[in-house]
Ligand code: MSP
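Given next, in structure tokens, is a single chain: the form predicted alone.
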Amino acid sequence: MKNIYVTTAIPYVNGAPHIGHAMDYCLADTYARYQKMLNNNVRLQVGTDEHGNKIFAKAAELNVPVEQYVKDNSEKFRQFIHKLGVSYTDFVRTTDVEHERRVQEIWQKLTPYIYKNKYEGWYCDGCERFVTDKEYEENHGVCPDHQKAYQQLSEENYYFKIAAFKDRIREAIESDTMKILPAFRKKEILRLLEDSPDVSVTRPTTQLTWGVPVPGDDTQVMYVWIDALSNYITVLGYPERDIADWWPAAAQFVGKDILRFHAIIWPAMLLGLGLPLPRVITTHGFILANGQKMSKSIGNVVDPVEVLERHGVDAFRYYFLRHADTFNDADFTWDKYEEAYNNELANDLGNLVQRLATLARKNEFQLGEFRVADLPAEYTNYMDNFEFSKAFDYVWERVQAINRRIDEEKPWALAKSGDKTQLDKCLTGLVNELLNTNEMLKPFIPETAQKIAEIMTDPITPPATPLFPKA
């Protein structure tokens, strides 16, 4: 039995939860549930990032106290996470008093690698970060994520010495001591690491007031990096508690747009603190809408709550865990979603359970003792390597194989012939195969897996309604 710590990137609470957040939560929850199946102890962290100018400005625009604004929005994310069925153990808010105190202690531990310097350069207000001259030139002076021109700013800030840790970070990535998935992202980060400058970790209070004060300097407020990234260890009680039972994290889940911060700045911070690096950083892509990146300006943003409410949480998890490749961009359309629901969930799985349960009840079949078989090596290999969409495909092939087996073995014909011995043998094999396949569904669609287990092991009560009523 091992201790397994799994983390998700904490979202910035200046907007509603989106599909990208859902991907973080679903992937992390799937891995956490799989580890529980292996009888490991699991902690799963979620939370909200609540400081910064954009949040302060939005609260002012709405004429709401900023403290109330972040509290309300944090609660929206908490409710969203619950709707997704995520089995988290720890919820952190960066405005928590304990988090802020611990972040200030972390700052003090990192002071050998922090220096003050005046900087003049290009700044993106949307990203809340400075960009290098190379980035400015490559993007032709416009932020590709926010479609806004970079601003020329001159500020005196504190900087964190990324340069002091580059060699060790490179070695950890190349040796897979800190494994970056997928492999092509690893190559991407190694290229970015070469040109990574020291990073600004504060803003002057003339520009930013809503943040954690810098210890010993009331003219500066901590910027997002040390504040937000530290949440992964402050939620464990660092620095006053020994976190060795849980850290390093077994897996950290992030979107591709924030990988560079988690694979360069975050490891540098950990090395500066004398802490080990996370074992795996798993990166997922974007969910596109009809082949285009979702954008408010285009008007093609898909509301994840609307998707959740269409057919329930497990239909949502099914689509985004199976039809969205774990590591790459994937496409969502309502037509694709409905097709997956009706032709796969309702037909392949829902009808299978209904047919088999009806045959069992009609013929007074009782399963007897059910023993869970060992998880197949192909399945565990996919799961251990974070290839969840491939693992789900493998399980679905098993579901489809049981459907074919029913058609081939024709238990209804055995019932009609009166051969009770052969019928019981046939149904025993089919039900056992379904229940063992169902075990592999548990990390992906847990509510459905629980219902299937109850239906197929209860000798009396038939399912009142189909698992997935046709839309």
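Residues carry their position along the shown sequence, with the first being 1. Computed from a prediction, not measured in an experiment: that's the story for all the values here.
Below, we refer to the form predicted together with the named molecule, which is not included among the displayed structures.
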| property | result |
| --- | --- |
| Options 112-120, 280-288, 207-215, 310-318; stretch whose heavy atom lies within 4.5 Å of the named molecule in the model of the complex | 280-288 |
| Interface residue in the model of the complex among 99, 203, 262, 322, criterion: non-hydrogen atom within 4.5 angstroms of the named molecule | 262 |
| Heavy atom within 4.5 Å of the named molecule in the model of the complex - the one residue of 375, 340, 275, 294 that qualifies | 294 |
| 4.5 Å heavy atom contact, residue 455 to the named molecule in the model of the complex | no |
| Residue 305: touches the named molecule in the model of the complex, heavy atom cutoff 4.5 angstroms | no |
| In the model of the complex, residue 243 touching the named molecule (heavy atom, 4.5 Å) | no |
| Non-hydrogen atom contact residue 225 with the named molecule in the model of the complex at 4.5 angstroms | yes |
| Residues of stretch 32-70 in contact with the named molecule in the model of the complex (4.5 Å, non-hydrogen atom) | 49 |
